[in-house]
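So this first bit is one chain, no partners, the form predicted alone, shown in structure tokens.
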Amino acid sequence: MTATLRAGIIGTGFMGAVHSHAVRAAGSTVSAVAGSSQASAEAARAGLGAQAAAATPEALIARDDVDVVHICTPNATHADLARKAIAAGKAVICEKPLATSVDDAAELTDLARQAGVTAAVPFVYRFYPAVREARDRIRAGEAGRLWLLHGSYLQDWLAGAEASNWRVDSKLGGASRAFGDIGVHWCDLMEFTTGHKITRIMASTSRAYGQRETGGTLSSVATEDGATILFETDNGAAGSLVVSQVSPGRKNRLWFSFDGTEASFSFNQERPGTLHIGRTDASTDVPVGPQTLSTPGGRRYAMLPPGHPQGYQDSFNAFVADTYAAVRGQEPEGLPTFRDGLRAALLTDAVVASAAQQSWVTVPTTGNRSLTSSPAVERQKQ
């Protein structure tokens, strides 16, 4: 493997651009890009800073000048492309959901472990400095006993019946849209930050629009616009989550409050420059910066002085940098792997089942397959 890792990006949309920026920020190169056709790859090549356009995703995976395959395609294609990349011995970064079924997610997790390749899923909200600061402080006991874990993830990009996207189609996006697309981000962030695992879920899903217009034609919608969820954790906490992609004025508001007996910790992704710490005698908004954050995790990812907010792309850059460090044999703490992608698939499956049954559903700890630890791949130890 060369000293400078070489990336191949499959997918030419918004996420492909985010990945390409992060690859270059990590000091690496984008060797090739592939799209739905040779023409789409050629059209995107310059914008993504790629050296070449591959005729097909399979051709990209087979290239000798690609060390890491980035999968940024519609959800239903993830599992097949990830299998092919693992079979070729390539490291993989696969956009979530890792797969649209638990069985596929479990299989991919096992395949990556057996092949000994680094395999990561971009749960990038873990990489905000304020989140790492909250995690370290909670681990140190500052919150006391966490008993209430609540929050929301709200967007408005599908507000309006004329707004549509391939994600609306369950054949392309999977059985769950709002929760499977953004709710899993919140759940991953909660479990990562608090150390709690969701054990039971009660979910209700809803739609703002029963039909959406695409190309002048109205079609029925099978996936949810929003979800409300109650949950319980293995450490005895209760929780709630509201998820929506049709909340006007909320662009990408991932918000949480993790409430303990001694203190609460709150974060809003639309205002990433502060971490709110609440106590009965005082409340503090801790500004994000190397000089103001006090824990190793917070300081590690705080690159700019307070008042210079680090945002989504900065967090994505940090995720890719850590993944590439793992490819080189290092062990960055808190890297989200395919095991975390499987965890998201299990949670999504439980939400879909609970909403259909209108009852509490237990969340399994693993998929149907036996998942064992691998020192080469499953580096994350929480």
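We number the residues from 1 along the sequence you see. If you're wondering where the values come from, they're calculated on a predicted model, not measured in any experiment.
The following text describes the form predicted together with alpha-L-sorbopyranose, which does not appear among the structures shown.
Heavy atoms within 4.5 Å of alpha-L-sorbopyranose in the model of the complex: does residue 153 have any? Residue-level check for residue 153: yes, a contact with alpha-L-sorbopyranose.
How about residue 125: is it within 4.5 Å of alpha-L-sorbopyranose in the model of the complex, going by heavy atoms? Taking the distances in the model of the complex, the answer for residue 125 is yes, it comes within 4.5 Å of alpha-L-sorbopyranose.
Touches alpha-L-sorbopyranose in the model of the complex: residue 185 (any heavy atom, 4.5 Å): Yes, residue 185 is a contact residue.
Taking alpha-L-sorbopyranose as it sits in the model of the complex, is residue 194 in contact with it (heavy atom to heavy atom, 4.5 Å or less)? Output for residue 194 is no: heavy atoms all beyond 4.5 Å of alpha-L-sorbopyranose.
May I ask you to choose, among 118, 245, 73, 100, the residue with a heavy atom within 4.5 Å of alpha-L-sorbopyranose in the model of the complex? Contact check passes for 245.
Only one of 312, 209, 255, 147 comes within 4.5 Å of alpha-L-sorbopyranose in the model of the complex by heavy atoms, so just point that one out. Going through each option in turn, the one that passes is 312.
Which one, 235 to 243, 154 to 162, 288 to 296, 303 to 311, holds residues whose non-hydrogen atoms are within 4.5 Å of alpha-L-sorbopyranose in the model of the complex? Only one stretch qualifies here: 154 to 162.
Stretch 160 to 182 - residues with a heavy atom within 4.5 Å of alpha-L-sorbopyranose in the model of the complex: Result: 167, 181, 182.
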